[in-house]
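Taking the form predicted alone, here's one chain by itself in structure tokens.
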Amino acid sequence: MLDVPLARATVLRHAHRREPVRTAPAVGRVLAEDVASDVDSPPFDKALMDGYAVRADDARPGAELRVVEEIAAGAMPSKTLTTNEAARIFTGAPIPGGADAVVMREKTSSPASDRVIVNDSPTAGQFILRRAAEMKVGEIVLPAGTVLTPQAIGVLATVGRAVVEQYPAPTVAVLATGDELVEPDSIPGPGQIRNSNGPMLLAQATAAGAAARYLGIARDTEADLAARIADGLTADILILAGGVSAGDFDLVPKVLKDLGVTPHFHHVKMKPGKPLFFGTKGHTLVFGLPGNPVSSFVGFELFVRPAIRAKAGNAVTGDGIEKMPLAESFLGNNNRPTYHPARIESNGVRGLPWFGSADLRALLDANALLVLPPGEVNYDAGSTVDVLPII
């Protein structure tokens, strides 16, 4: 039975990133190439305010200057300023030759259409953004490994990159198992329960950035399991919920073996979620999560989420655990390292009431898990504890 860090390391060792594709940039994807600028930005010295382009030495308070032209954004200057001349200019327009400052319109007055009186003492460079101040031709503006945000996609457009090499979203297949399960829109019969794991894991995978699809509920027969698992093995990651313990109806490990899946571990020293399977077939990662919903949720956060991130081209480092003060005292006693639902608040983190791995409702208010050592713990308010934030 592996401890969590070793199990996580085992997963990540097999979570090879997908081959990059050349497509239109998408939010959340990771660049697989360095992107250089093909332009200077701005491509000219440009005005940052509406006003007048002037020579700073001429523009004393009370100075009257002759307005020789008007320059709008998108136009080019036609004149070079000489002594005691100015040009009416608008935000984003190119600075004319000879000018070295912009005076805001609000700090001027106009006795005539071709005259302006300056009520300012501008310094050279005032309200001018110099050519290539933002980026230069040939400069790497987005290195490989950058996670694409809306801002990054805007920069890509600025440098003319309508398509880029990026790592695609991993495909994830989610399969629930168990004769006792019915879908959420069904009325449970005697001995039946609604399938919460399927929709929950599908949502977790989607939120983690995967392209997820649902395979339904597999019944506790080798034939049904084999057919649905074979379909799921075409994905980058297959997640099964239930059927991975050691009971008579826990057929998943045998079926996986029959289908050529190589097991890497089957139990993890943690609570909830000890009977957790991980295996591979080719580049497909296979996770068998316990049927109890909190166990499935925690197993996903600890192992599947980092695997999705790694396959998507992200650099996955560290374990995500942070140190935080307890907002109130906490008492517990566990026989294994435990991941207890918690909530991060303004004054620290607070353990939530929770009665075990079937208590999915306890996760409604949770945005974190307390990471507790085995044995008895008795923490006072203000004590520093390990916390794993969750989405």
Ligand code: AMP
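No experiment lies behind these values; they were computed from the predicted model shown. One-based numbering along the sequence shown.
Below, we refer to the form predicted together with the named molecule, which is not included among the displayed structures.
Asker: Check whether residue 181 has any heavy atom within 4.5 Å of a heavy atom of the named molecule in the model of the complex, and answer yes or no.
Answerer: Taking the distances in the model of the complex, the answer for residue 181 is yes, it comes within 4.5 Å of the named molecule.
Asker: Indicate whether the named molecule has at least one heavy atom within 4.5 Å of a heavy atom of residue 197 in the model of the complex.
Answerer: The answer is yes: residue 197 has a heavy atom within 4.5 Å of the named molecule.
Asker: Spell out, yes or no, whether the shortest heavy atom distance between residue 245 and the named molecule in the model of the complex is within 4.5 Å.
Answerer: Contact check for residue 245: yes, within 4.5 Å of the named molecule in the model of the complex.
Asker: Test of understanding: in the model of the complex, would residue 102 fall inside 4.5 Å of the named molecule by heavy atoms?
Answerer: Residue 102: no contact with the named molecule in the model of the complex.
Asker: Using heavy atoms only and a 4.5 Å cut-off, determine which of 157, 124, 193, 163 is in contact with the named molecule in the model of the complex.
Answerer: Answer to the contact question: 193.
Asker: Taking 4.5 Å between heavy atoms as the contact cutoff, choose which of 258, 250, 224, 114 touches the named molecule in the model of the complex.
Answerer: None of the other options qualify; the answer is 250.
Asker: For the interface check, one of 290-298, 143-151, 314-322, 87-95 should have non-hydrogen atoms within 4.5 Å of the named molecule in the model of the complex; which one?
Answerer: In short, 290-298.
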